[in-house]
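Here's a solo chain for you in C-alpha coordinates, the form predicted on its own.
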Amino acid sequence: MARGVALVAALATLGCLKESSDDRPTREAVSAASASASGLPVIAPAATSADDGQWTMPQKDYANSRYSSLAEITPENAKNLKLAFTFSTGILRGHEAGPLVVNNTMYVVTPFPNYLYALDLTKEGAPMKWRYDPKPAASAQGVACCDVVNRGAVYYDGKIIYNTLDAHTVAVDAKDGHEVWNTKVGDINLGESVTMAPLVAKGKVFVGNSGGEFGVRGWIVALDAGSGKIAWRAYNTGPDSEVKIGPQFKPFYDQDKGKDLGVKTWPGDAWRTGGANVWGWLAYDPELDLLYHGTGNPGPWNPEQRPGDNKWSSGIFARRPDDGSAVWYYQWSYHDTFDYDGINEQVLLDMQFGGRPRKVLVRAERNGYVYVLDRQTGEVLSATPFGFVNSSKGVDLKTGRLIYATDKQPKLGEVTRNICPSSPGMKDWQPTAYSPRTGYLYIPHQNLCMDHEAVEANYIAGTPYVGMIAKFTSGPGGNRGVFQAWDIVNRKEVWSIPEKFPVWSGTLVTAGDVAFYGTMDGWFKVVNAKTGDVVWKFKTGSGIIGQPITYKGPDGHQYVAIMDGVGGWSGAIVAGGIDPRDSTAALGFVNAMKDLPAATTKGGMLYVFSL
(Lines give C-alpha, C1' and ligand atoms only; values in the text may rest on other atoms or scores of the structure.)
Protein backbone atom coordinates (compact mmCIF):
# COMPACT_ATOMS: atom_id res chain seq x y z
CA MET A 1 0.00 0.00 0.00
CA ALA A 2 1.05 3.63 -0.40
CA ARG A 3 2.96 5.20 2.45
CA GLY A 4 0.34 6.24 4.94
CA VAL A 5 -0.13 8.05 8.19
CA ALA A 6 -2.40 6.88 10.95
CA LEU A 7 -4.74 9.66 11.92
CA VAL A 8 -7.87 10.46 13.78
CA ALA A 9 -9.56 13.84 13.57
CA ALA A 10 -10.33 15.51 16.85
CA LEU A 11 -13.83 16.53 15.91
CA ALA A 12 -15.97 17.70 18.80
CA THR A 13 -18.73 20.23 18.31
CA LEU A 14 -20.74 22.42 20.63
CA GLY A 15 -22.99 21.24 23.41
CA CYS A 16 -24.70 17.94 22.67
CA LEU A 17 -24.41 18.41 18.89
CA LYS A 18 -21.43 16.31 17.81
CA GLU A 19 -19.85 14.88 14.72
CA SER A 20 -17.06 12.45 14.04
CA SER A 21 -14.62 11.69 11.28
CA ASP A 22 -11.44 9.81 10.59
CA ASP A 23 -8.63 11.80 8.99
CA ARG A 24 -5.32 11.51 7.28
CA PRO A 25 -2.95 14.49 7.69
CA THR A 26 0.53 14.86 6.92
CA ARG A 27 4.16 14.71 6.59
CA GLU A 28 5.96 17.69 5.05
CA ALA A 29 9.33 19.27 4.47
CA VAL A 30 10.90 22.57 3.67
CA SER A 31 14.09 24.05 2.32
CA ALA A 32 17.09 22.64 4.10
CA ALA A 33 15.29 20.36 6.52
CA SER A 34 12.83 17.50 6.34
CA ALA A 35 10.82 15.24 8.60
CA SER A 36 9.66 11.71 7.95
CA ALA A 37 6.55 9.79 8.84
CA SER A 38 6.44 6.06 9.27
CA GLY A 39 4.21 4.08 6.96
CA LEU A 40 1.38 2.73 9.09
CA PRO A 41 -2.15 1.68 8.23
CA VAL A 42 -4.96 4.12 8.76
CA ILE A 43 -6.69 3.48 12.07
CA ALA A 44 -10.36 3.56 12.92
CA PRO A 45 -12.18 6.87 13.51
CA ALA A 46 -12.68 8.23 16.99
CA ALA A 47 -15.67 6.88 18.90
CA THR A 48 -17.97 9.89 18.65
CA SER A 49 -21.57 10.18 17.52
CA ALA A 50 -22.57 10.20 13.87
CA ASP A 51 -23.20 13.40 11.94
CA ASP A 52 -26.64 14.67 12.88
CA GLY A 53 -27.10 16.61 9.66
CA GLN A 54 -27.10 20.01 11.34
CA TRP A 55 -24.57 22.84 10.97
CA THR A 56 -24.20 24.59 14.32
CA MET A 57 -20.93 26.50 13.92
CA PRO A 58 -19.10 27.94 10.89
CA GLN A 59 -16.18 25.50 11.16
CA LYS A 60 -18.59 22.52 11.48
CA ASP A 61 -16.56 21.31 14.47
CA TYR A 62 -13.87 22.37 16.92
CA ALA A 63 -11.21 20.87 14.64
CA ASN A 64 -12.10 23.16 11.70
CA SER A 65 -12.65 20.20 9.35
CA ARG A 66 -15.64 21.59 7.44
CA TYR A 67 -16.36 17.95 6.65
CA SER A 68 -19.85 16.44 6.67
CA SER A 69 -20.65 12.73 6.76
CA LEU A 70 -23.75 13.31 4.65
CA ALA A 71 -23.33 11.34 1.43
CA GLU A 72 -26.51 11.59 -0.62
CA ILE A 73 -24.88 13.98 -3.11
CA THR A 74 -22.14 12.21 -5.07
CA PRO A 75 -20.03 12.85 -8.18
CA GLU A 76 -22.42 10.65 -10.12
CA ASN A 77 -25.69 12.36 -9.19
CA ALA A 78 -24.56 15.95 -8.57
CA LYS A 79 -25.66 16.81 -12.12
CA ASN A 80 -29.23 16.47 -10.81
CA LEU A 81 -28.93 19.26 -8.24
CA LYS A 82 -31.80 21.73 -8.46
CA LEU A 83 -32.56 25.03 -6.78
CA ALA A 84 -34.74 24.37 -3.71
CA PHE A 85 -35.28 27.96 -2.55
CA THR A 86 -33.65 31.40 -2.36
CA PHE A 87 -33.69 34.26 0.12
CA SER A 88 -32.54 37.85 -0.33
CA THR A 89 -30.87 39.58 2.63
CA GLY A 90 -31.53 43.04 1.20
CA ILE A 91 -27.88 44.01 1.79
CA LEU A 92 -25.48 44.72 -1.08
CA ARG A 93 -22.05 44.25 0.52
CA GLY A 94 -19.66 41.33 0.84
CA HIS A 95 -21.36 38.22 2.27
CA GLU A 96 -18.59 36.07 3.79
CA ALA A 97 -20.72 34.14 6.30
CA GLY A 98 -22.28 30.73 5.90
CA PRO A 99 -25.71 29.86 7.30
CA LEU A 100 -26.36 27.78 10.41
CA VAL A 101 -28.96 24.99 10.51
CA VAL A 102 -30.36 23.94 13.90
CA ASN A 103 -33.62 22.11 14.64
CA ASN A 104 -35.07 22.68 11.15
CA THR A 105 -34.35 26.39 11.24
CA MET A 106 -31.75 28.16 9.11
CA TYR A 107 -30.02 31.26 10.48
CA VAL A 108 -28.38 33.81 8.18
CA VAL A 109 -26.15 36.71 9.31
CA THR A 110 -25.55 39.64 6.96
CA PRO A 111 -22.73 42.14 6.62
CA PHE A 112 -23.37 45.54 8.23
CA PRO A 113 -25.97 46.27 9.58
CA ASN A 114 -25.60 42.65 10.75
CA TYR A 115 -29.19 41.46 10.53
CA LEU A 116 -29.92 37.93 11.75
CA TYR A 117 -32.66 36.07 9.88
CA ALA A 118 -34.38 32.83 10.92
CA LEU A 119 -35.94 30.74 8.12
CA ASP A 120 -38.43 27.90 8.66
CA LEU A 121 -37.17 24.83 6.80
CA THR A 122 -40.35 22.86 7.57
CA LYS A 123 -42.42 25.02 5.22
CA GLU A 124 -42.31 25.39 1.46
CA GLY A 125 -39.88 28.07 0.37
CA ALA A 126 -38.46 28.40 3.92
CA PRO A 127 -40.35 31.58 4.91
CA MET A 128 -38.85 34.00 7.40
CA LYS A 129 -39.76 33.32 11.04
CA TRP A 130 -38.21 36.50 12.42
CA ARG A 131 -35.47 39.09 11.95
CA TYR A 132 -33.21 40.51 14.64
CA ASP A 133 -31.67 43.98 14.14
CA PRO A 134 -28.75 44.74 16.50
CA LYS A 135 -28.61 48.39 15.34
CA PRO A 136 -24.82 48.73 15.21
CA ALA A 137 -23.32 52.23 15.12
CA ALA A 138 -23.12 53.54 11.56
CA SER A 139 -19.69 55.03 12.24
CA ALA A 140 -18.26 51.51 12.48
CA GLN A 141 -18.26 51.40 8.69
CA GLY A 142 -15.49 53.99 8.69
CA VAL A 143 -13.05 51.73 10.57
CA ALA A 144 -13.62 48.57 8.52
CA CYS A 145 -10.44 48.19 6.51
CA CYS A 146 -11.72 45.65 3.98
CA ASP A 147 -15.50 45.89 3.57
CA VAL A 148 -18.16 45.63 6.29
CA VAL A 149 -18.19 41.83 6.32
CA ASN A 150 -19.27 39.33 8.95
CA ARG A 151 -17.95 35.74 8.99
CA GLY A 152 -20.79 34.02 10.81
CA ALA A 153 -22.60 33.01 13.97
CA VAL A 154 -22.57 30.03 16.31
CA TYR A 155 -25.37 28.13 18.04
CA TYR A 156 -25.04 27.33 21.73
CA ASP A 157 -27.54 26.43 24.46
CA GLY A 158 -30.61 27.77 22.68
CA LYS A 159 -28.90 30.95 21.51
CA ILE A 160 -27.45 32.29 18.27
CA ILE A 161 -24.30 34.20 19.17
CA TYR A 162 -22.43 36.51 16.79
CA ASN A 163 -20.46 39.75 16.53
CA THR A 164 -21.42 43.11 15.07
CA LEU A 165 -19.14 45.46 13.18
CA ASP A 166 -19.17 48.05 15.97
CA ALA A 167 -17.43 45.59 18.35
CA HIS A 168 -20.40 44.14 20.19
CA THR A 169 -21.12 40.46 20.81
CA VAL A 170 -24.80 39.57 20.95
CA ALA A 171 -26.81 36.51 21.94
CA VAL A 172 -30.27 36.00 20.46
CA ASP A 173 -32.90 33.47 21.47
CA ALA A 174 -32.96 30.88 18.68
CA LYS A 175 -36.72 30.31 18.95
CA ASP A 176 -38.19 33.80 18.87
CA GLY A 177 -35.32 36.19 18.07
CA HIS A 178 -35.37 38.28 21.23
CA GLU A 179 -32.05 39.64 22.48
CA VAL A 180 -30.68 37.71 25.45
CA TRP A 181 -27.58 39.82 26.01
CA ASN A 182 -25.47 42.41 24.20
CA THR A 183 -21.89 43.14 25.31
CA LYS A 184 -19.56 45.85 24.06
CA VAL A 185 -16.12 44.25 23.63
CA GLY A 186 -14.18 46.97 21.76
CA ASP A 187 -14.08 50.68 20.88
CA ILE A 188 -14.72 51.86 17.33
CA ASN A 189 -13.28 55.28 18.24
CA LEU A 190 -9.88 53.62 18.51
CA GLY A 191 -10.34 51.91 15.14
CA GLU A 192 -11.52 48.56 16.55
CA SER A 193 -14.16 46.55 14.77
CA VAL A 194 -15.18 42.88 14.89
CA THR A 195 -15.78 40.80 11.75
CA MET A 196 -14.88 37.28 12.90
CA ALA A 197 -17.14 34.39 13.82
CA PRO A 198 -17.03 33.55 17.54
CA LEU A 199 -16.26 30.14 18.98
CA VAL A 200 -17.96 28.72 22.09
CA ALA A 201 -16.31 26.15 24.34
CA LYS A 202 -16.68 25.29 28.02
CA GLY A 203 -19.47 27.83 28.39
CA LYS A 204 -17.37 30.73 27.11
CA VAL A 205 -17.60 32.78 23.91
CA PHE A 206 -14.23 33.67 22.38
CA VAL A 207 -13.95 36.82 20.27
CA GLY A 208 -11.09 38.90 18.85
CA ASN A 209 -10.82 42.36 17.33
CA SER A 210 -10.02 43.67 13.86
CA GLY A 211 -8.18 46.92 13.14
CA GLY A 212 -4.54 46.17 12.43
CA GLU A 213 -4.58 48.84 9.70
CA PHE A 214 -5.76 51.39 12.28
CA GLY A 215 -2.99 50.87 14.82
CA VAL A 216 -5.15 49.16 17.42
CA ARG A 217 -3.79 46.70 19.96
CA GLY A 218 -4.92 43.13 19.33
CA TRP A 219 -6.72 41.02 21.91
CA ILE A 220 -8.88 37.98 22.46
CA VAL A 221 -11.70 38.11 24.99
CA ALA A 222 -13.78 35.41 26.68
CA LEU A 223 -17.40 36.08 27.64
CA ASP A 224 -19.73 33.96 29.75
CA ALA A 225 -22.13 32.36 27.26
CA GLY A 226 -25.05 32.64 29.65
CA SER A 227 -24.75 36.26 30.72
CA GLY A 228 -22.38 37.92 28.25
CA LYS A 229 -20.15 39.09 31.09
CA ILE A 230 -16.46 39.37 30.18
CA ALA A 231 -14.48 36.63 31.94
CA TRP A 232 -10.97 37.54 30.74
CA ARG A 233 -9.08 39.46 28.08
CA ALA A 234 -5.60 38.65 26.77
CA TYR A 235 -3.61 41.12 24.66
CA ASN A 236 -1.19 40.02 21.95
CA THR A 237 1.36 42.80 22.47
CA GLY A 238 2.69 44.30 25.66
CA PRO A 239 3.97 42.99 29.01
CA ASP A 240 3.59 39.35 29.99
CA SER A 241 0.94 40.14 32.59
CA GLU A 242 -1.38 41.55 29.92
CA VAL A 243 -0.58 38.84 27.34
CA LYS A 244 -1.34 36.30 30.08
CA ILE A 245 2.12 34.77 29.93
CA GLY A 246 3.04 33.09 33.19
CA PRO A 247 4.41 29.82 34.63
CA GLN A 248 2.39 27.67 32.18
CA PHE A 249 4.03 29.28 29.14
CA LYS A 250 6.53 26.89 27.57
CA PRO A 251 7.22 27.84 23.94
CA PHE A 252 9.21 25.34 21.89
CA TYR A 253 11.70 27.79 20.33
CA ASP A 254 14.32 29.85 22.13
CA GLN A 255 13.39 33.11 20.39
CA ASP A 256 10.00 32.96 22.13
CA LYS A 257 11.51 32.56 25.61
CA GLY A 258 12.23 35.56 27.80
CA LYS A 259 10.44 38.16 29.86
CA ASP A 260 8.12 40.77 28.36
CA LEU A 261 9.03 40.02 24.74
CA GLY A 262 5.76 41.67 23.75
CA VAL A 263 7.44 44.93 24.74
CA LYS A 264 11.15 44.30 24.14
CA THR A 265 10.75 43.19 20.51
CA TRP A 266 9.24 46.57 19.60
CA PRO A 267 10.89 50.01 19.54
CA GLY A 268 9.75 52.19 22.41
CA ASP A 269 6.00 52.05 22.96
CA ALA A 270 5.22 50.88 19.42
CA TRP A 271 3.58 47.76 20.87
CA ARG A 272 0.68 49.93 22.00
CA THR A 273 -0.34 50.46 18.36
CA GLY A 274 1.12 47.22 17.04
CA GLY A 275 -1.93 45.33 15.75
CA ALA A 276 -1.65 41.52 16.24
CA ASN A 277 -5.43 41.23 16.10
CA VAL A 278 -7.50 38.06 16.38
CA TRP A 279 -9.90 38.37 13.45
CA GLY A 280 -9.71 34.88 11.98
CA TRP A 281 -10.49 31.31 12.96
CA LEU A 282 -10.27 29.63 16.35
CA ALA A 283 -10.01 25.94 17.22
CA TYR A 284 -10.34 23.96 20.44
CA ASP A 285 -9.00 20.59 21.55
CA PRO A 286 -11.23 19.21 24.34
CA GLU A 287 -8.73 16.49 25.29
CA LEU A 288 -5.77 18.85 25.69
CA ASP A 289 -8.07 21.67 26.84
CA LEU A 290 -6.32 24.12 24.55
CA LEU A 291 -7.77 27.02 22.59
CA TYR A 292 -5.84 27.94 19.44
CA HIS A 293 -5.96 31.40 17.87
CA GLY A 294 -3.84 33.22 15.35
CA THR A 295 -2.62 36.80 15.57
CA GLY A 296 -2.63 39.35 12.78
CA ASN A 297 -0.07 41.62 11.18
CA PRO A 298 1.99 44.13 13.15
CA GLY A 299 1.26 47.80 12.57
CA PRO A 300 2.16 49.74 10.62
CA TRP A 301 2.91 47.76 7.44
CA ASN A 302 6.13 49.76 7.01
CA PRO A 303 8.65 47.43 8.71
CA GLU A 304 11.34 50.09 9.13
CA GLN A 305 9.18 51.82 11.77
CA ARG A 306 9.14 48.73 14.00
CA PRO A 307 12.52 46.91 14.10
CA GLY A 308 12.48 43.60 15.96
CA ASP A 309 10.45 40.40 15.90
CA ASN A 310 7.30 42.36 16.90
CA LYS A 311 5.85 39.72 19.21
CA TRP A 312 3.29 38.40 19.45
CA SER A 313 2.09 39.33 15.95
CA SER A 314 1.63 37.08 12.88
CA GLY A 315 1.72 33.94 14.99
CA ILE A 316 -0.42 31.47 16.90
CA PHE A 317 -1.17 31.04 20.61
CA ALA A 318 -2.35 27.99 22.50
CA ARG A 319 -4.24 29.14 25.61
CA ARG A 320 -6.25 27.68 28.45
CA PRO A 321 -9.88 28.60 27.80
CA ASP A 322 -10.74 28.96 31.49
CA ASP A 323 -8.44 31.91 32.19
CA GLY A 324 -6.60 32.71 28.94
CA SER A 325 -3.20 31.58 30.20
CA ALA A 326 -0.75 31.15 27.32
CA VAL A 327 0.72 27.65 26.99
CA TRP A 328 2.81 28.06 23.84
CA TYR A 329 3.29 30.39 20.89
CA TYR A 330 4.79 30.12 17.43
CA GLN A 331 5.44 33.00 15.02
CA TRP A 332 4.68 32.16 11.38
CA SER A 333 6.22 35.40 10.05
CA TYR A 334 8.50 37.18 12.52
CA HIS A 335 8.88 40.93 11.91
CA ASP A 336 6.16 40.54 9.28
CA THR A 337 7.14 42.72 6.32
CA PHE A 338 4.30 41.82 3.94
CA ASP A 339 1.06 41.88 5.99
CA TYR A 340 1.01 38.08 6.28
CA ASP A 341 -1.51 37.96 9.12
CA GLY A 342 -1.39 34.65 10.99
CA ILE A 343 -5.16 34.28 11.38
CA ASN A 344 -6.00 31.36 9.06
CA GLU A 345 -7.83 28.27 10.27
CA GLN A 346 -5.97 25.37 11.85
CA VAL A 347 -7.20 21.81 11.27
CA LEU A 348 -6.65 19.55 14.29
CA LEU A 349 -5.68 15.94 13.52
CA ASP A 350 -4.09 12.97 15.28
CA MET A 351 -1.40 11.11 13.35
CA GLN A 352 1.79 9.09 13.36
CA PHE A 353 4.75 11.32 12.59
CA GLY A 354 8.40 10.34 12.75
CA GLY A 355 7.51 6.93 14.09
CA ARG A 356 5.33 8.05 16.99
CA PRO A 357 1.81 9.37 17.51
CA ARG A 358 1.43 13.12 17.33
CA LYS A 359 -1.45 15.50 17.89
CA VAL A 360 -0.96 17.94 15.06
CA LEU A 361 -2.27 21.22 13.76
CA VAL A 362 -2.33 21.56 9.95
CA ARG A 363 -2.51 25.02 8.42
CA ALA A 364 -2.31 26.55 4.94
CA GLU A 365 -0.67 29.80 6.00
CA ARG A 366 -0.79 33.19 4.38
CA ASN A 367 2.99 33.25 3.86
CA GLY A 368 2.60 30.41 1.33
CA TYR A 369 3.37 27.25 3.33
CA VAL A 370 1.29 24.33 4.51
CA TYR A 371 2.50 23.81 8.07
CA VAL A 372 2.23 20.79 10.34
CA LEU A 373 2.78 21.65 14.02
CA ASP A 374 2.71 19.52 17.13
CA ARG A 375 -0.29 21.12 18.80
CA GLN A 376 0.84 20.12 22.28
CA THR A 377 4.17 21.95 22.04
CA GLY A 378 4.17 24.31 19.03
CA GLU A 379 7.03 22.50 17.30
CA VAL A 380 7.08 22.84 13.51
CA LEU A 381 7.22 19.34 12.04
CA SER A 382 7.13 20.44 8.42
CA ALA A 383 6.34 23.36 6.15
CA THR A 384 5.88 23.09 2.37
CA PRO A 385 5.02 25.76 -0.24
CA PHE A 386 1.60 25.18 -1.81
CA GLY A 387 2.10 27.74 -4.59
CA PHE A 388 4.75 30.07 -6.00
CA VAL A 389 6.73 31.78 -3.22
CA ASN A 390 9.68 34.15 -3.66
CA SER A 391 9.24 36.37 -0.59
CA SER A 392 10.95 33.66 1.46
CA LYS A 393 13.21 30.68 0.84
CA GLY A 394 11.73 28.18 3.25
CA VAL A 395 11.39 27.48 6.95
CA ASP A 396 14.32 26.46 9.14
CA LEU A 397 12.95 23.47 11.00
CA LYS A 398 15.63 23.71 13.70
CA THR A 399 14.68 27.24 14.72
CA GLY A 400 11.18 27.44 13.27
CA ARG A 401 12.15 30.72 11.56
CA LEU A 402 10.87 31.77 8.16
CA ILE A 403 13.86 32.44 5.88
CA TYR A 404 13.10 35.77 4.21
CA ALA A 405 14.42 36.56 0.72
CA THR A 406 16.55 39.65 1.27
CA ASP A 407 16.01 40.99 -2.25
CA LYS A 408 12.23 41.19 -1.68
CA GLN A 409 12.27 43.19 1.56
CA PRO A 410 10.45 46.55 1.25
CA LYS A 411 12.48 49.72 1.72
CA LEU A 412 11.46 53.27 2.56
CA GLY A 413 10.97 55.29 -0.61
CA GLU A 414 11.93 52.43 -2.94
CA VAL A 415 9.67 50.18 -4.99
CA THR A 416 10.31 46.44 -4.56
CA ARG A 417 8.76 44.53 -7.44
CA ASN A 418 7.20 41.10 -7.98
CA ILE A 419 6.84 39.95 -4.37
CA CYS A 420 4.96 36.64 -4.27
CA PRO A 421 2.62 36.04 -2.57
CA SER A 422 1.09 39.50 -2.16
CA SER A 423 -0.27 40.90 1.11
CA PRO A 424 -3.45 38.77 1.14
CA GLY A 425 -1.04 35.84 1.12
CA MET A 426 -1.28 32.59 -0.76
CA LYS A 427 -4.51 32.11 1.20
CA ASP A 428 -6.35 34.65 3.30
CA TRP A 429 -9.29 34.07 5.68
CA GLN A 430 -11.19 31.75 3.27
CA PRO A 431 -11.32 28.40 5.06
CA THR A 432 -10.10 25.02 3.85
CA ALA A 433 -11.86 21.67 4.32
CA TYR A 434 -10.37 18.28 5.18
CA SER A 435 -11.71 14.88 4.12
CA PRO A 436 -10.78 11.78 6.12
CA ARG A 437 -11.89 9.71 3.13
CA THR A 438 -9.32 11.11 0.73
CA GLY A 439 -6.72 12.45 3.16
CA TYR A 440 -6.71 15.70 1.21
CA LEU A 441 -6.89 19.28 2.40
CA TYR A 442 -9.01 21.36 0.00
CA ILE A 443 -7.50 24.82 -0.29
CA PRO A 444 -9.27 27.81 -1.89
CA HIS A 445 -6.68 30.49 -2.53
CA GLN A 446 -5.26 33.26 -4.68
CA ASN A 447 -2.31 33.51 -7.04
CA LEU A 448 -1.16 37.11 -6.67
CA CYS A 449 2.11 39.02 -6.50
CA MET A 450 2.75 42.70 -5.73
CA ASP A 451 4.94 45.77 -5.94
CA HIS A 452 5.63 47.42 -2.56
CA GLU A 453 6.93 50.80 -1.43
CA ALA A 454 7.31 51.68 2.23
CA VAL A 455 6.32 55.19 3.32
CA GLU A 456 6.19 56.85 6.72
CA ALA A 457 3.02 56.25 8.74
CA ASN A 458 1.75 58.56 11.48
CA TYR A 459 -0.56 57.28 14.18
CA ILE A 460 -3.86 59.08 14.88
CA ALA A 461 -6.45 57.04 16.77
CA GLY A 462 -9.24 55.74 14.54
CA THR A 463 -7.49 56.59 11.25
CA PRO A 464 -5.50 54.37 8.83
CA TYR A 465 -2.00 53.48 10.00
CA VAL A 466 -0.42 51.56 7.13
CA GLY A 467 2.77 53.12 5.72
CA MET A 468 2.86 51.12 2.51
CA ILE A 469 1.89 51.70 -1.12
CA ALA A 470 1.09 48.42 -2.84
CA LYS A 471 -0.16 47.21 -6.20
CA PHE A 472 -1.24 43.60 -6.67
CA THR A 473 -0.89 41.68 -9.93
CA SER A 474 -1.67 38.17 -11.14
CA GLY A 475 0.89 35.49 -10.30
CA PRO A 476 2.62 32.99 -12.58
CA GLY A 477 0.29 31.64 -15.25
CA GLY A 478 -2.00 34.67 -15.19
CA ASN A 479 -4.85 33.06 -13.25
CA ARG A 480 -5.56 34.90 -10.03
CA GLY A 481 -7.21 32.02 -8.20
CA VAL A 482 -6.75 28.31 -7.49
CA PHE A 483 -8.88 25.57 -5.94
CA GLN A 484 -6.47 22.87 -4.85
CA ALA A 485 -6.42 19.40 -3.32
CA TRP A 486 -3.33 18.95 -1.16
CA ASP A 487 -2.02 15.53 -0.12
CA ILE A 488 -0.71 16.16 3.36
CA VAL A 489 0.94 12.76 3.67
CA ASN A 490 3.02 13.20 0.52
CA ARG A 491 3.22 17.01 0.90
CA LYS A 492 2.19 17.78 -2.66
CA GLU A 493 -0.64 19.00 -4.83
CA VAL A 494 -2.91 16.23 -6.11
CA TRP A 495 -4.91 18.36 -8.50
CA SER A 496 -5.90 21.99 -8.91
CA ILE A 497 -8.42 24.10 -10.79
CA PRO A 498 -7.20 27.52 -12.00
CA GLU A 499 -9.72 30.35 -11.70
CA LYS A 500 -9.72 33.76 -13.35
CA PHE A 501 -10.28 35.57 -10.05
CA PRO A 502 -9.07 34.77 -6.51
CA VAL A 503 -11.03 31.93 -4.92
CA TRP A 504 -12.23 33.98 -1.95
CA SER A 505 -14.98 31.59 -0.83
CA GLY A 506 -14.65 28.92 1.80
CA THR A 507 -15.03 25.27 0.93
CA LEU A 508 -16.88 22.18 2.09
CA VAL A 509 -16.23 18.46 1.59
CA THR A 510 -18.51 15.50 2.34
CA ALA A 511 -18.59 11.74 2.69
CA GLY A 512 -20.16 11.69 -0.77
CA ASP A 513 -16.66 12.56 -2.05
CA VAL A 514 -17.70 15.95 -3.39
CA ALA A 515 -16.21 19.35 -2.57
CA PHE A 516 -17.99 22.70 -2.98
CA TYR A 517 -16.69 26.23 -3.58
CA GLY A 518 -17.70 29.50 -5.26
CA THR A 519 -16.02 31.94 -7.61
CA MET A 520 -15.92 35.72 -7.63
CA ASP A 521 -17.68 35.83 -10.99
CA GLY A 522 -20.63 33.95 -9.50
CA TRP A 523 -20.22 30.23 -10.19
CA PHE A 524 -21.07 27.73 -7.46
CA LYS A 525 -19.22 24.51 -8.24
CA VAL A 526 -19.30 20.87 -7.18
CA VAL A 527 -16.06 18.96 -7.69
CA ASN A 528 -15.20 15.27 -7.51
CA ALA A 529 -13.10 15.31 -4.35
CA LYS A 530 -10.81 12.55 -5.61
CA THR A 531 -10.18 13.68 -9.18
CA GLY A 532 -10.89 17.42 -9.29
CA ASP A 533 -13.43 17.06 -12.10
CA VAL A 534 -16.15 19.74 -11.97
CA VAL A 535 -19.37 17.72 -12.01
CA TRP A 536 -21.91 20.55 -11.66
CA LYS A 537 -22.03 24.33 -11.53
CA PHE A 538 -24.66 27.02 -11.12
CA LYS A 539 -24.45 30.70 -11.97
CA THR A 540 -25.59 32.94 -9.13
CA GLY A 541 -26.47 36.59 -9.42
CA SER A 542 -23.33 37.96 -7.77
CA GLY A 543 -19.80 36.84 -6.99
CA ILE A 544 -19.39 34.29 -4.19
CA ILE A 545 -17.15 34.89 -1.17
CA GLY A 546 -19.29 32.97 1.34
CA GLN A 547 -18.93 29.59 3.03
CA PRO A 548 -20.91 26.61 1.70
CA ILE A 549 -22.66 24.35 4.20
CA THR A 550 -24.70 21.16 3.95
CA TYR A 551 -27.49 19.74 6.11
CA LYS A 552 -30.25 17.14 6.28
CA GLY A 553 -33.63 18.70 5.68
CA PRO A 554 -36.93 17.82 7.41
CA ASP A 555 -37.65 15.49 4.47
CA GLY A 556 -34.53 13.45 5.27
CA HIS A 557 -32.64 14.55 2.15
CA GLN A 558 -29.32 16.38 1.86
CA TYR A 559 -29.26 20.06 1.01
CA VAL A 560 -26.36 22.43 0.30
CA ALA A 561 -26.46 26.19 0.80
CA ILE A 562 -24.30 29.16 -0.24
CA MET A 563 -24.56 32.95 -0.03
CA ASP A 564 -23.60 35.19 -2.92
CA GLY A 565 -22.78 38.88 -2.58
CA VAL A 566 -19.37 39.91 -3.86
CA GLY A 567 -17.16 42.11 -1.69
CA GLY A 568 -14.58 41.69 1.02
CA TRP A 569 -11.04 42.90 0.42
CA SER A 570 -10.83 41.17 -2.94
CA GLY A 571 -14.20 42.45 -4.17
CA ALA A 572 -14.04 45.96 -2.72
CA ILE A 573 -13.90 47.42 -6.22
CA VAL A 574 -17.50 46.25 -6.75
CA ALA A 575 -19.01 46.36 -3.26
CA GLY A 576 -17.42 49.72 -2.48
CA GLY A 577 -17.83 51.21 -5.95
CA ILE A 578 -14.10 52.04 -6.17
CA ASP A 579 -12.73 53.82 -9.24
CA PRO A 580 -10.51 51.28 -11.06
CA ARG A 581 -8.14 54.06 -12.11
CA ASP A 582 -6.81 54.19 -8.55
CA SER A 583 -4.45 51.21 -8.69
CA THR A 584 -3.44 51.52 -5.04
CA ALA A 585 -7.03 51.55 -3.72
CA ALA A 586 -8.16 48.84 -1.30
CA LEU A 587 -4.54 48.62 -0.13
CA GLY A 588 -3.47 47.56 -3.61
CA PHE A 589 -6.13 44.95 -4.44
CA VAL A 590 -7.96 47.12 -6.99
CA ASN A 591 -5.00 46.93 -9.38
CA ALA A 592 -5.52 43.17 -9.70
CA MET A 593 -9.32 43.35 -9.97
CA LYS A 594 -10.02 46.06 -12.54
CA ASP A 595 -12.02 43.64 -14.70
CA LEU A 596 -14.23 42.34 -11.86
CA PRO A 597 -16.99 45.00 -12.32
CA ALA A 598 -17.48 43.66 -15.85
CA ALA A 599 -17.88 40.11 -14.54
CA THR A 600 -20.30 40.54 -11.63
CA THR A 601 -22.50 42.98 -9.75
CA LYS A 602 -23.47 43.56 -6.14
CA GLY A 603 -25.68 40.98 -4.43
CA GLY A 604 -26.85 39.35 -1.24
CA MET A 605 -28.78 36.16 -1.91
CA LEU A 606 -29.01 32.77 -0.24
CA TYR A 607 -29.21 29.79 -2.61
CA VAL A 608 -30.18 26.31 -1.39
CA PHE A 609 -29.95 23.20 -3.60
CA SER A 610 -30.99 19.56 -3.38
CA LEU A 611 -31.27 16.55 -5.68
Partner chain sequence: MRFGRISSLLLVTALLSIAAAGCEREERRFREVPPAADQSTNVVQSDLQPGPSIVATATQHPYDDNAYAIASGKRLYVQMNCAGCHGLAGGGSIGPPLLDDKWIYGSDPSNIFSTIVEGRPNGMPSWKGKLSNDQVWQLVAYVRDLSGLHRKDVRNSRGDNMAAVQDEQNRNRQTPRSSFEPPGSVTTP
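A quick note: this is a predicted structure, and the numbers were derived from the prediction, not measured. Positions refer to the first chain, counted from 1.
Just so it is clear, the following notes concern the form predicted in complex with the partner chain, a form of the same protein that is not shown.
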query: Within 4.5 Å of the partner chain in the model of the complex, all of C145, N458 and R581 (non-hydrogen atom); finding: yes
query: Proximity of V243 to the partner chain in the model of the complex, heavy atoms at 4.5 Å; finding: no
query: Heavy atom of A586 within 4.5 Å of the partner chain in the model of the complex; finding: yes
query: Contact label in the model of the complex: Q376 to the partner chain, heavy atom within 4.5 Å; finding: no
query: Contact of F214 with the partner chain in the model of the complex (heavy atom, 4.5 Å); finding: yes
query: Candidate from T463, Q248, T86, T122 lying within 4.5 Å of the partner chain in the model of the complex - any heavy atom; finding: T463
query: In the model of the complex, the residue from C449, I469, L397, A126 that sits within 4.5 Å of the partner chain by heavy atoms; finding: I469
query: Partner-facing stretch of 449-457, 400-408, 275-283, 103-111, counted where any non-hydrogen atom is within 4.5 angstroms of the partner chain in the model of the complex; finding: 449-457
